[in-house]
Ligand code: DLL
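Below sits a lone chain in structure tokens, taken as the form predicted on its own.
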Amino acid sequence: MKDYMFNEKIETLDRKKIEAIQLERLKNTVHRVYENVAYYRRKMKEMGVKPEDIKTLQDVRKLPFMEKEDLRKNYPFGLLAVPMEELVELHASSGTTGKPTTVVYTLNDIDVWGEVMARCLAMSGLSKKDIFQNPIPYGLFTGAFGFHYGARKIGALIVPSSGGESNRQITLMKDYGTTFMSGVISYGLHLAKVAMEMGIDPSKDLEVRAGLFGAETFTEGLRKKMNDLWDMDAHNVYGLSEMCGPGVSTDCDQHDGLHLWEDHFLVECVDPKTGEPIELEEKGELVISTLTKESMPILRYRTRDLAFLYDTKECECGRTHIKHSTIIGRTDDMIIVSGTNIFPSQIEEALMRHQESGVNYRIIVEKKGYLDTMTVEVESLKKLSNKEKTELIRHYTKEIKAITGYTPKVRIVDPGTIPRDGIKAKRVIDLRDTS
């Protein structure tokens, strides 16, 4: 499948027009949050900046950064810029303290989300002729809905198969003639393995020929493996729930950087230590502002994602929107397991609630087949019987799932069992090979 443009007029806009749109929308957004959101008004006053001070795109640097912690402190509706009755949808992601990061949408926000996702899906090869299977869990997380809204705008036939039941996913693909799929790339690889175990060669016996994948590390090695197993063209999507969900950017058929939709998002790349802007092609932290979000506008959000911005004016695909590299790493200690964002502090919080827990634990992440697995090893305070260990494992598994949304394997070990590097135990051991 060859990509096409969902909104060619916008996707190929002259750079000066893009920047003019961005400036107008940035000014409007700054005025709106200053008038309607106490958090922004207070922060701007502390920095001595007023809405009228934003005269150029570079003036965005006068505005305060927003951190994830700011979202938690204003949980759940402290950052609203519209009345509650204008909201039509809510999504949430897990937080490091158990409180989710909540995002909400007006009807127009949902429409914009569908628009940017439609551009991403079309860039990845989806058209109204396709049968699109969406094996992402439908729920509070944003993923499935973003893909669904985008595919609906394109007019593809959507199979909302949701997550899990891998054998059923393959059966549906075969029965319905699925031609395009979504999800996290490790699950796509796992589905290929399941298909082969069912006696089905996904490259020959199924019709899936393209897909869009995100929410976890996406390397060229993984892309090639996916392409070979399915005989498909796999694309990479980037997004954050704070912006809208998936749909902030995607790679075109050049597979060299992801186009970010600049008419809806303003991106900066800064030194993660100083917060100062850095040069194009230099690795730094992506900082993103929403330009059209009505419900909960976000200005200068520190994503903690490390990447670089390309120094190109126009891609060979014809699109003019800026490109950023795939995500190179993180500035914090977050790990991604099968598309779920998990912080070691979340695990620690769950473990330390129980009096039988020792002070040491470690998180072991590895691959079983193509799927990520996470094992949490916990030292007990004293030696426990098998019955006591079983009960503690049940308790920890429930607690960790409640906080992170992910069900781990839990192992209780005797006191002093976990190796230490000097004084401290190494908290995260990632054994995955993502090459």
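Note that residue numbering begins at 1 and tracks the sequence as displayed. Small disclaimer: the values here were computed from a predicted structure and weren't measured.
Separately, the form predicted together with the ligand exists; it is not shown, and the next lines address it.
Trainee: Please name which of the stretches 235-243, 119-127, 163-171, 194-202 has residues with heavy atoms lying within 4.5 Å of the ligand in the model of the complex.
Mentor: So the stretch in question is 235-243.
Trainee: Here the chain is shown alone; which of C317, L87, L157, M334 has a heavy atom within 4.5 Å of the ligand in the model of the complex?
Mentor: Filtering the options by heavy-atom distance leaves M334.
Trainee: Please pick, from P135, G214, G211, G150, the one residue with any non-hydrogen atom lying within 4.5 angstroms of the ligand in the model of the complex.
Mentor: Of P135, G214, G211, G150, the residue with a heavy atom within 4.5 Å of the ligand in the model of the complex is G214.
Trainee: Hey, in the model of the complex, is D305 touching the ligand, heavy atoms inside 4.5 Å?
Mentor: Residue-level check for D305: yes, a contact with the ligand.
Trainee: May I ask you to state whether L206 is within 4.5 Å of the ligand in the model of the complex, using heavy atom distances?
Mentor: The answer is no: L206 has no heavy atom within 4.5 Å of the ligand.
Trainee: Quick check on Y361: any heavy atom within 4.5 Å of the ligand in the model of the complex?
Mentor: No - in the model of the complex, heavy atoms of Y361 and the ligand never come within 4.5 Å of each other.
Trainee: If we define contact as a non-hydrogen atom of the residue within 4.5 angstroms of the partner, is S186 a contact of the ligand in the model of the complex?
Mentor: No, no contact at 4.5 Å.
Trainee: Taking the ligand in the model of the complex, which residues of 136-152 have any heavy atom within 4.5 Å of it?
Mentor: F141, T142, G143, F147, in sequence order.
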